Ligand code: ASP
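Below, in structure tokens: the form predicted alone, a single chain.
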């Protein structure tokens, strides 16, 4: 220190010297790494489980609209979004790396068991994000909505364009999903889909088209938004799910087969006759159709009906209830009704009890 400033400092009164020393101590301590770590709350931990899909796509000719292969790892996806570090401590796991059309009910079971194990063993995990292809994303999300037995958020996310393509949407979708999974307000909301900065209940989500805004919820299901200032929730589902679910898949190795009238995860294009349940997507049954399904019920197959749009809200009239009640599916897509019926059949074959399950889920 130069001599003159030092002499001026020595002329200060003892009281003023004490004050200067105190201020210097505070400044030095504030810059200490140990104090800084203590003063800042730790960011929540979020686990990202990757299953593949377009969000993990890689083009042979980057920057084009050309085809791609699903090959990027979960760590590569996270590296594309350094902004995530502001919102969460991220851990990753490569569960799968396939197109979502290859995800079957057997893989649903494995994924649900893995998430349940993680959330049961790791109190420090705030929530889970599952990256997924968009073609079958809603089915996987609804299965997790019914079978993950935790109040912690499970968020499923995908992309319409690969990360190597023009204007990729995956990085922002992934960032939004992590922000939702890390948000304390996301607890008890059940399974969620986060796409295009919207938070949609897994119960009501549907993919309408393959471009931005393609995931929707019809009249119900948008729980909130992911805004620049934070995650905002406006609604929550009143139906049973996740922590309140009765479905325990820990000991289930295969789900009962349930058929519907269009392609879905695990479908057999050749057709099967050994289904234990059938979901009929129709606005009404003609007399000969009702005769056919009545015969199916007599043979022991459980039959449920819903509108193709999933918008049915009425209970079938008396001709549909004899000799065995036909399950009335209310406000549920046929593919989602299939999933709920598969799980219901792991617990009971009584049609009236299955109707009760559909009424509360």
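Fair warning: this is a prediction, and the values are worked out from it, not measured in the lab. Residue numbers count along the first chain shown, from 1.
There is another form of this protein, the form predicted in complex with aspartic acid, and it is not shown here; the text below is about that form.
Using heavy atoms and a 4.5 Å cut-off, decide whether 256, 275 and 301 all contact aspartic acid in the predicted bound form. Looking in the predicted bound form, the three residues 256, 275 and 301 all stay beyond 4.5 Å of aspartic acid (heavy atoms).
Looking at 115-123, 93-101, 242-250, 78-86, which lies within 4.5 angstroms of aspartic acid in the predicted bound form, counting heavy atoms? Going by heavy atoms within 4.5 Å, the stretch is 93-101.
Identify which of 49, 335, 70, 328 has a heavy atom within 4.5 Å of aspartic acid in the predicted bound form; exactly one of them does. Of 49, 335, 70, 328, the residue with a heavy atom within 4.5 Å of aspartic acid in the predicted bound form is 70.
Can you pick the one in 237, 164, 150, 134 that has a heavy atom within 4.5 Å of aspartic acid in the predicted bound form? Only one listed residue qualifies here, and that residue is 134.
Verify the contact flag for residue 306: yes if a non-hydrogen atom of it lies within 4.5 Å of a non-hydrogen atom of aspartic acid in the predicted bound form, no if not. Taking the distances in the predicted bound form, the answer for residue 306 is no, it never comes within 4.5 Å of aspartic acid.
Proximity of residue 159 to aspartic acid in the predicted bound form, heavy atoms at 4.5 Å: Judged by the heavy-atom cut-off of 4.5 Å, residue 159 is in contact with aspartic acid in the predicted bound form.
Since the partner is left out here, which residues of 41-64 would have a heavy atom within 4.5 Å of aspartic acid in the predicted bound form? Those in contact are 53, 54.
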